[in-house]
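Two forms of the same protein chain are encoded below as structure tokens; each is given separately, as structure 1 and structure 2.
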Structure 1
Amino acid sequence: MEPPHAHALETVCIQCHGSQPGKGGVPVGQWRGSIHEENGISCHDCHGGDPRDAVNAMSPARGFIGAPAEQQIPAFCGRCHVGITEDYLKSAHGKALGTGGPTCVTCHGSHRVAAATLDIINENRCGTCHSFDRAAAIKDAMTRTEAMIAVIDAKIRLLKGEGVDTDSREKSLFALRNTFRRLFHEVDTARVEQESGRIRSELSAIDQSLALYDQAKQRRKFIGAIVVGALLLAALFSHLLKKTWN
């Protein structure tokens, strides 16, 4: 089976820009290894154009839109990341668009796009525009929630690998994770802390329901120990009885 990004490697955009020295080839180098490349998102998926025709690849008639102006960036990325763009535009960051506020690429980069983690919120990045205090409080609330999600996710995977029906918990976790991720572009500290707290309490409920399986496993082992012990005693008794009979 071909890797998901196989088709992305075949385009004329990559062939031409990839071999260019200097500025023209930089985006290809940055794109390689990005989350976009990993998921098969190539140049033409964002910039348009015809990826199979070298002559007309950058023709507007073939849908080429090139690089967006700064104010167009959220709409440019938002063609795929719809919900995130909505969240961004509602936030203080989005409201400052065009007046010096950050766009998507300010934090995520334009071509070297990595899977979003909380590490994006750091003093170097946030500190270039404002103090880190509020961002640090938001990050702290989110880090605790993210850690809980990771722990519960690992538990669910483990139980699933043991044949436990985890469907409903997986769905609940998926929904909570999505709700949580929509907070990533929220810059209102109070709201982030309140929402994170609510999500964590719902995560605790899932965690408690998973703990019941651990208890059941312990109970099974306890019963198993009694059964195995009884059988070994029966074997010993039977052996001794045979010796006596002999």
Structure 2
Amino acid sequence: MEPPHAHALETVCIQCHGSQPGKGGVPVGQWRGSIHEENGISCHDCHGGDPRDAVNAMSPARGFIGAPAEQQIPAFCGRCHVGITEDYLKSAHGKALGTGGPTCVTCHGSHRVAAATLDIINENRCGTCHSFDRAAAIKDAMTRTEAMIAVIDAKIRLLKGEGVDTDSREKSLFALRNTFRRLFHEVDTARVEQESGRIRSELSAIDQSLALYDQAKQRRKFIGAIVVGALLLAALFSHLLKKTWN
């Protein structure tokens, strides 16, 4: 299926490079199907230039800045991903920038950009530079937290669909999800485990408050069943009494 922005993304960059064999066409092939394409981010959004004028598409006068040097990559991506870049630069990965440490494209790719999920943390990718042990511990802690967020989010959606006021729980979950996302570039195992544990504790509190809604709903169902049963018995008694008099 074509992404929603497929036609809008067919710029002169895509048209020219997409038809090129070999090295010139590789970036377009990698970009297709990426999270950038899915969200309507095309060549000129990162590299600048004029996407409607083939002659001046790569003119600095039209804002073309080309590809960044390795040390400039975080700032290049950080024009859009501001908070993520801050988190990266504070991490051990970011502090090793320029001395062999990974940049954004090392883990996320330059053109075949993948969605930022925990799937990115895997032995093949992390094992390229170091042992997977620490990364596995980080992934385990974050996977458990992400699973709790998904379950609670589903419960809130269900209750909201039933007309329950879930506004405060939604806001609490939103804040915790954002805090959780800020851990994605943290590579300090102890801190990730500690912070994930704290987040899960707060998620449990939200989950318990949602359970109260369920308990109240079950009580209402039980009382409703008793009322219906009593009405049926009353109707039966009335019917029998009427027959007796007749």
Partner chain sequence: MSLPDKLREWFEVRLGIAELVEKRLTGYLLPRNINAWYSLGSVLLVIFGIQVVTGILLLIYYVPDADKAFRSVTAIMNDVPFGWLIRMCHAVGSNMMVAVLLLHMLSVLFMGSYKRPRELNWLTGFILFNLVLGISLTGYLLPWSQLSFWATTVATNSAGAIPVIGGYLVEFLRGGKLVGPPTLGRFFAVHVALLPLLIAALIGAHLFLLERIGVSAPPFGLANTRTRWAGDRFRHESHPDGIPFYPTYLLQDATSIFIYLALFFGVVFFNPYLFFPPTAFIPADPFKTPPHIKPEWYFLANYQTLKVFPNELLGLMVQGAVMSLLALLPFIDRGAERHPLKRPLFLACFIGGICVYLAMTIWGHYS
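Residue numbering: sequential along structure 1, first residue numbered 1. Throughout, rigid core stands for the largest set of C-alpha atoms superposing within 1.5 Å between the two forms. Quick caveat: nothing in here was measured; it's all calculated off a predicted structure.
Visitor: Quick one, which of these two is the form predicted on its own?
Guide: Answer 2, the form predicted on its own.
Visitor: Return yes or no for R191: a CA shift of at least 2 Å between structures 1 and 2, with the rigid core superposed?
Guide: Shift at R191: below 2 Å after core fit.
Visitor: I want to check R169: does it shift between structures 1 and 2 by 2 Å or more at the Cα, with the core superposed?
Guide: It does, since the R169 C-alpha is displaced 2 Å or more between structures 1 and 2 after the core fit.
Visitor: Is the shift of S238 between structures 1 and 2 large enough to count as movement, that is, does its C-alpha move by 2 Å or more after the core is superposed?
Guide: Yes.
Visitor: After superposing on the rigid core, how much does the Cα of G229 shift between structures 1 and 2, in Å?
Guide: Here G229 registers a C-alpha shift of 4.1 Å.
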